[in-house]
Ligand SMILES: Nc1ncnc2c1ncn2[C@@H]1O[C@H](COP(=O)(O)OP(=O)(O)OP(=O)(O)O)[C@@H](O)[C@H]1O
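The chain below stands alone, shown as structure tokens; this is the form predicted alone.
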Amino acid sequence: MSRIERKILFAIGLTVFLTLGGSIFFAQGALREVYRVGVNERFGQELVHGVEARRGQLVALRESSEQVADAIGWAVEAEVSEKDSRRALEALLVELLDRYPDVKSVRVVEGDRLYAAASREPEPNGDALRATIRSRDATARGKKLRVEVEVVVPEMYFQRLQEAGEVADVYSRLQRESASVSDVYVWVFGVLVFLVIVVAFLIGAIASRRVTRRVTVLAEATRRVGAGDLTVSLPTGATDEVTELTQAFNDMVRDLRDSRTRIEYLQKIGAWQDFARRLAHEIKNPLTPIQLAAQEMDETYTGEDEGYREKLEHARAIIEEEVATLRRLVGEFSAFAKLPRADLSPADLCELIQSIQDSVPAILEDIGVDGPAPVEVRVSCATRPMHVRMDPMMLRRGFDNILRNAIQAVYRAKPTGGGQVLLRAYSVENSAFIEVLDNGPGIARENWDRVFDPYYTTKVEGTGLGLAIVKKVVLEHGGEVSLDDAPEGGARFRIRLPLIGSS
């Protein structure tokens, strides 16, 4: 399974899992609520019985407290009738408290005056108590007494009755509204499940969007390339097949861009070659008649005027010199026009570099460099061997043109010595590099893009064809040539050629 398939399946699985998990979660909550409430008929009957039982328990407690109050009232009345003694009555009250544990206090009041009283604190058992007072009237020995009995009952009986009543009320309400409640549960559950599905869909869409967005961008970039835009470059960052496809697309666009640039330049060179061919033909034809006419004028003059003869000889010399210059230019134009296409075959680049080393003295002499060593020229090949597909004669001509330009520039800047020119070759990965560096004045940065154009030159005597030939030769070898500043302060020309076996 590919990486992109795993990502898509992960997005689908995440969506399904979230939807199913959310549904189970909410369904579980609804079922728990149903089981917790227990809306069924038997449960309701038990709730009613429980409420009645707790209410009956409280009624029994109240009747018991009434009976206790009656018993204490009768006992007080009997005691007062038999003995009219407060001390004896208080002793009786204490005895009654011990007899009835739910009684907290007993007070005997005569009119507004307290006649006798006894009280005690019930034994604590951790439960809250609720006190109620039961009053009884008693008459003895002509006295009208009021017996107040304070009875305590645990608070929990009242709370349990209240709680049971509340539960019974809730149940009754649920039973009455069971249909509407079930509808509400269905709607709430449906809405929650819908929300879970929406959220899961959004998360799945976001996860899958990360993949489909790059495919969409790649498709749009392909349409732009099909429309002729070769400046397209897509970012790469992930580690899946789409990234590999994007990288291959970028490489393809770069190769197309380089190929179009190469083709456009070669087409331009072809047009300039055709122009040079016609120009050389148009200039070459009248040169011979002009030279013959000048010679004939000088040789056929038979007059005695020496001044006029000197003018004829001077004019003839100028005409012959300019004709020679034009013939040289015509020769360069013709050579440029007849420049053949490179015939490539495998060869060792280092052998070609070594042959240039052997021809350096002849180049210096041809340029007219004076002195024993006014310009130091060094040639080196760091990697041996370096096999490339090349046309040795054409490639040597390109190297020779760059080397000549460098030597001339250094010699003009340092005619008294100190000039250095270095031609070196080395390889990096699948490419061979040839560099020509000098410590001359260099080339202005604004002219870097123009130096390879035909007929562009900064030299008075130059034709501007040397570097154009260099670029044509390099492009036909499937390579690249560039210009920048050399560390030594001058110019650096760098040529890259693909090694045999490189992609």
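All values derive from a computational prediction rather than experimental measurement. When you see a residue number, it is the position in the sequence shown, counting from 1.
Same protein, other form: the form predicted together with the ligand, not shown, and the subject of what follows.
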Position in contact with the ligand when the complex is considered in the model of the complex, options Val68, Leu61, Val451, Leu475, heavy atoms within 4.5 Å: Val451
- prompt: With the ligand left out of view, which of Glu79, Glu150, Glu332, Asp391 would have a heavy atom within 4.5 Å of it in the model of the complex?
  reply: Glu332
- prompt: Taking heavy atoms and a 4.5 Å cut-off, does Ile495 contact the ligand in the model of the complex?
  reply: no
- prompt: Is Ala406 close enough to the ligand in the model of the complex to count, meaning some heavy atom within 4.5 Å?
  reply: yes
field: Lys459 within 4.5 Å of the ligand in the model of the complex, heavy atoms
entry: yes
task: Check whether Leu465 has any heavy atom within 4.5 Å of a heavy atom of the ligand in the model of the complex, and answer yes or no.
output: yes
statement: The stretch from 361 to 369, 304 to 312, 406 to 414, 347 to 355 that lies within 4.5 Å of the ligand in the model of the complex, judged by heavy atoms, is 406 to 414
message: Need the contact residues for 440 to 454: heavy atom within 4.5 Å of the ligand in the model of the complex, sequence order, or none if there are none.
response: Gly442, Ile443, Val451
